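Shown below, as structure tokens, is a lone chain in the form predicted on its own; questions about how it binds or moves come after it.
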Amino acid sequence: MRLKLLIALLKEVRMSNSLLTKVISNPHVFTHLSIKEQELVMRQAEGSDLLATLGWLFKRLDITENLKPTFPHSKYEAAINVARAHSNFIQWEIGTLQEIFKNDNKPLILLKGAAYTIAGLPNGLGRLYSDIDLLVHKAELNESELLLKRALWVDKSTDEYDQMYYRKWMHEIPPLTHVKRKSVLDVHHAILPETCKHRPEPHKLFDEVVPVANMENVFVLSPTDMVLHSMTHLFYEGEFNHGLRDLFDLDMLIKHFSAKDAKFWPKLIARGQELNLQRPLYYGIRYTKRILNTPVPDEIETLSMNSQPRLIFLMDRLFDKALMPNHPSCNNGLSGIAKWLLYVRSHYLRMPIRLLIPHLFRKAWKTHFSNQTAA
């Protein structure tokens, strides 16, 4: 069955963009949609964790002022209020972490969503959070974990294999959960696993971190490194439930940093080569442009990772499916197989075959066993 779906996927002509991708590419399109189409955009945005972000875009451009009285303003306002509560809590939590790390003379380096919010970047608006991502030196990893445990952040994982998987092979320790607040920390010492052959040297990232204005001892990655990390996270992780949101993060980061720095693009290309991240850089440029029409200079758009048109043909069909909104109107049997193949691909990129095969078998067995127990 999967083979038939794969053949169908390879033969399929590229699917047209969803309504949501058209709207976030050009929000003014929304005013020309019917009420039924606007409702579909809302449902697609909800499934993709982009409803509050869309609401902020509409507010910023005064789009909702010109919409019909039947437009569900309250839905967007409610989503914005929830996102605002998330943002307030995350900022408060970062403040507590700032004190913990400052008292121990360690820098607090934030990644991903927490970094976007605390640095005041446009993609921090409307964001929902499931965790906070930190970056620490590997040599200080044990000490940092002990420091956090004293502040009631604990590792709840009791599975011996999971402990070994994280601590021996991965670029992070098992997630830490606060005993009282139940908030979650992901503590990284690199942006790709130890087992990944394209893994950049972590010290190169630490050397370029940028202090956050008005926040003592708090840092984020440099603009080029932040974009490269976002690309690497999306195109190496293999989880696409929030794929479109992550792609939109890239779109907004690229627009923001390229507008502020005329040399952003050559710096990004050079840094991608220096960090050995040409593959995610290529895909990040290709699919933000392809799906969201992100403005890319002509000389950058011609950038080619390799001369393998068959590979690019396949990847286009996989990512065109996987990066659609997480909603039934955009999903079919081909979407599932595309995400499954990209999930396997992500593990292949990050782990050698001798580790990959037993790991995937074990995950499949655990999933099957969990489903059987639930039934």
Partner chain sequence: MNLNNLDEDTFKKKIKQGLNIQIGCFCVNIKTSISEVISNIYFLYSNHHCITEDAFVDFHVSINAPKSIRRWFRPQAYFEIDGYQPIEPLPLAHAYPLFEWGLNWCIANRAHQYLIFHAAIIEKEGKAILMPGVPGAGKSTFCAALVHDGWSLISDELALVDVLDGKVHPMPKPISLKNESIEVISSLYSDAAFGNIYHNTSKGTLTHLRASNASGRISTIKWVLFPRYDKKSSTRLIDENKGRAHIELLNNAFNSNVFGLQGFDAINKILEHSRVVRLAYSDILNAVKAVNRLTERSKNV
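Positions refer to the first chain, counted from 1. The model shown is predicted, which means the values in this text are computed figures rather than measured ones.
In what follows, reference is made to the form predicted in complex with its partner chain, a form of this protein that is not presented.
Student: Between 78, 215, 141, 128, only one gets a heavy atom within 4.5 angstroms of its partner chain in the predicted complex; which residue is that?
Tutor: None of the others qualify; the residue that does is 78.
Student: Here the chain is shown alone; which of 241, 74, 103, 273 has a heavy atom within 4.5 Å of its partner chain in the predicted complex?
Tutor: For this set of options, the contacting one is 74.
Student: Decide yes or no: are 35, 43 and 82 jointly within 4.5 Å of its partner chain in the predicted complex, with each residue judged by its heavy atoms?
Tutor: So, yes: the whole triplet contacts its partner chain.
Student: Quick one: is residue 316 in contact with its partner chain in the predicted complex, heavy atoms, 4.5 Å cut-off?
Tutor: Taking the distances in the predicted complex, the answer for residue 316 is no, it never comes within 4.5 Å of its partner chain.
Student: I'd like to check something about residue 309: if you look in the predicted complex, is any of its heavy atoms closer than or equal to 4.5 Å to a heavy atom of its partner chain?
Tutor: No.
Student: Could you tell me if residue 327 has a non-hydrogen atom within 4.5 Å of its partner chain in the predicted complex?
Tutor: Answer yes; at least one heavy atom of residue 327 falls within 4.5 Å of its partner chain in the predicted complex.
Student: Work out which of the listed stretches, 184 to 192, 82 to 90, 114 to 122, 230 to 238, brings a heavy atom within 4.5 angstroms of its partner chain in the predicted complex.
Tutor: Of the options, only 82 to 90 has residues within 4.5 Å of the partner.
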